[in-house]
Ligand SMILES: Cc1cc2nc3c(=O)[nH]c(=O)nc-3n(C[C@H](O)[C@H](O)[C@H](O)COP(=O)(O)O)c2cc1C
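Shown here is one chain on its own, the form predicted on its own, set out as structure tokens.
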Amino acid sequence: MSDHSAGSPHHDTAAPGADGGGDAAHTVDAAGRAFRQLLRGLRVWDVELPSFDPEAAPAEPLPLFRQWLREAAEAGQPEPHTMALATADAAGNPSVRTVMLHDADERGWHFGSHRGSRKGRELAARPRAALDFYWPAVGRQVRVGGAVTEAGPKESAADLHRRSTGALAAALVGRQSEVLGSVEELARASEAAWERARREPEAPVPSWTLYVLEPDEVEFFQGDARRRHVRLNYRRSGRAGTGGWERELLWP
């Protein structure tokens, strides 16, 4: 008996149709089986992972986050400052994308986008978000959740103009999340934006907005090869911006 028939006997009993439907079903099933085999064969944390003593962690999450990001970079983690940003629209439908961290300070975690983009519209409707950093080079993850506020136009402009020429060019293209007619249209708009960014390094982009997520919860996850993961969660003991932090361990 073949592997295919043993794994999916219902396909064996279906005779191929004149249109080749049976062959198509066989191909789809084989592709799915190969994909599942690929997933099961992928290695997880095939490196020596650092230890983490939660008892030695600081009283607040920010110093630990800065330390972990630096250690991820030193371990060779590509782009450790990228993060998943999750938002929801007015109806509660979630969406997530990868963005870049611009700063993390006593005010919160900073990121930027156009006010009219999908995430900008969703933050206007529901000004809360969640962030997730994952650094497989050290088996670590950090989750951050809380309220999001907009920085003022002056601070938003300063944030944009501190970044690269490419970042300014991308912001000048604008129209983020709108339907694009063709890649050629994007190429033309991008070329014009690059020329202007080089010519006017302080070119204004009124829609560009710096957002600050003020956390009420920050979780630090240290992976363990034997699945004895250490999870340390910080929770605000009072209203954000006024209360201190409580720490608790979580079962993995």
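Throughout, we count residues from 1 along the sequence that is shown. The shown structure was predicted, so the numbers you read here are calculated from the model rather than taken from an experiment.
Omitted from view is the form predicted together with the named molecule, to which the following refers.
- Of the listed positions (124, 100, 147, 180), a single one reaches within 4.5 angstroms of the named molecule by any non-hydrogen atom in the predicted complex, namely 100.
- In summary, among the residues 156, 176, 77, 141, the only one with a non-hydrogen atom within 4.5 Å of the named molecule in the predicted complex is 176.
- The shortest heavy atom separation between residue 118 and the named molecule in the predicted complex is within 4.5 Å.
- Although the partner is absent here, residue 112 sits close enough that one of its heavy atoms falls within 4.5 Å of the named molecule in the predicted complex.
- Using a 4.5 Å cutoff between non-hydrogen atoms, residue 165 does not count as a contact of the named molecule in the predicted complex.
- The closest heavy atom approach of residue 220 to the named molecule in the predicted complex falls outside 4.5 Å.
- Residues of just one listed stretch (91-99, 126-134, 148-156, 69-77) have heavy atoms within 4.5 Å of the named molecule in the predicted complex: 91-99.
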